[in-house]
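Shown next as structure tokens: one chain only, the form predicted on its own.
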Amino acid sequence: MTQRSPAGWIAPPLALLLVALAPGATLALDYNFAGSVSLNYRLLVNRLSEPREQRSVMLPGFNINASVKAVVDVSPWLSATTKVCYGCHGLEAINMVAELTPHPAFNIRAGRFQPAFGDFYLRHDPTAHKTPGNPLPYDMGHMVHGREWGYGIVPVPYVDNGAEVYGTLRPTNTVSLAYAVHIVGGFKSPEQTSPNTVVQDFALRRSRFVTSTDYLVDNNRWPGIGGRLALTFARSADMSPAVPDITVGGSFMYSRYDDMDQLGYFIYGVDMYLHLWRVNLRAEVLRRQLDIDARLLDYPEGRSTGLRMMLDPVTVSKEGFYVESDFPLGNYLEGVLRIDGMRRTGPRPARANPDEAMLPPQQRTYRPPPAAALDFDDWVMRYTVGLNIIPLTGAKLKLSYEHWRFSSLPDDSYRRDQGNFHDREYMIHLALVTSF
């Protein structure tokens, strides 16, 4: 039986309480309707003669990202928001939330929303960030070899059910401190239907609005907790133009993610934003420590484990970063430069089950997951040069060229043949973005 977490019990009554306490709750004072559509096109130019191989390592060709958002102000300090998006992750309800905003220093939201983490989650909509795709630590489906890597460290949009308290303190006119603390269901593992189910990563589809049958409840007794702090210095009008606006932030998330409450995760990161003249510079560093089932693993020293016994969990880590700058090139053009990357260290999913070594090949049931193609210490880097064309208000054409580099393992035939890895990939990425 699936158990409901404390966040699952608290959020619906809290939302109802907020509506009940609102004066004139049945009369909407104002509403807002907005949305965006982004048509993407991706192509690996080094695999033009290999269409089947392109599809095996990424999602090439045309795909769409679209969102629609409606906000209703029930009272001067109570609002309700609904936002639905569609993209590489399928259909997702990003917001179904009631927000109580009595004071800038103290606000509450309850329902389904994006928990505060890092800087990029605020800009995940294609109309709000400058590149056609997300930075690698936040990638959801545009990554080369995304299946092997399990996509980003915190795939955005990450949406969950629960409640969050947030606000901004302003000790001076130029300094502010923003905070957010949330309690949500947390990431989920694959459903553990039998004792032989091996859990070694998040099951993102299980947490989504449409692709999961239990998205309304937690899969274990542990809620996810997390938060973010961001200190901002904003240049005042009487300061020199050479003084920049600066924001420095830190975030974390912690919970258990498997059905049996045995495997935990801890994700943390720091971010920085600098604005000087008309140039923006952003940087983030993230790290995820993930406990995984120690069965069916390969280790660097050549040892492999099977399914014969449940072992103590082991921890693998995934780190990522990006540094990005955008700047105007006249009234209708923007330039974008970005460097981003990820690294994974620790044992990997087994390429063969040693318990089946004595069976004929046709009788073996174990099928290695895509992550088995990774190394015990693996990395990927990407270098992006972009140009954005702004022909009219509300429309933008994003053009980018991406140079991908993967760690070279020339003696790894499994990685080359089963994973179809090349040391380098070259991608053209286009996106036409409109907002309304």
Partner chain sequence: MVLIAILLLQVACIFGPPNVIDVSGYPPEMQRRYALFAHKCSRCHSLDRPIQARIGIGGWDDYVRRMSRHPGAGISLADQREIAIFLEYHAKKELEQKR
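Remember, predicted model here, so these are calculated numbers, not experimental data. Numbering follows the first chain given and starts at 1.
From this point on, the text means the form predicted in complex with its partner chain, which you will not see here.
Asker: Just checking whether Tyr166 would be counted as a contact of its partner chain in the predicted complex - the rule being heavy atoms within 4.5 angstroms.
Answerer: The answer is yes: Tyr166 has a heavy atom within 4.5 Å of its partner chain.
Asker: With the partner left out here, check for me: in the predicted complex, does some heavy atom of Glu356 sit within 4.5 Å of its partner chain?
Answerer: No - in the predicted complex, heavy atoms of Glu356 and its partner chain never come within 4.5 Å of each other.
Asker: Given that the partner is absent here, does Asn32 sit within 4.5 Å of its partner chain in the predicted complex, heavy atoms only?
Answerer: Yes, Asn32 sits close enough to its partner chain in the predicted complex that at least one of its heavy atoms falls within 4.5 Å.
Asker: Does its partner chain get within 4.5 angstroms of any non-hydrogen atom of Arg282 in the predicted complex?
Answerer: Contact check for Arg282: yes, within 4.5 Å of its partner chain in the predicted complex.
Asker: Out of 217-225, 356-364, 140-148, 101-109, where are the residues with a heavy atom within 4.5 Å of its partner chain in the predicted complex?
Answerer: Among the listed stretches, the partner-contacting one is 101-109.
Asker: Which one of Tyr41, Tyr383, Trp379, Phe376 is close to its partner chain in the predicted complex, taking close to mean a heavy atom within 4.5 Å?
Answerer: The residue in contact is Tyr383.
Asker: Tell me, out of Met260, Leu329, Leu91, Val270, which residue has a non-hydrogen atom within 4.5 angstroms of its partner chain in the predicted complex.
Answerer: Flagged contact: Leu329.
Asker: Do heavy atoms from each of Glu324, Asp340 and Ser400 fall within 4.5 Å of its partner chain in the predicted complex?
Answerer: Checked in the predicted complex: no contact with its partner chain for any of the three.
Asker: What residues, if any, in 106-121 have a non-hydrogen atom within 4.5 angstroms of its partner chain in the predicted complex?
Answerer: The stretch 106-121, when checked against its partner chain in the predicted complex, contributes Asn107, Ala116, Asp119, Tyr121 at the 4.5 Å heavy-atom cut-off.
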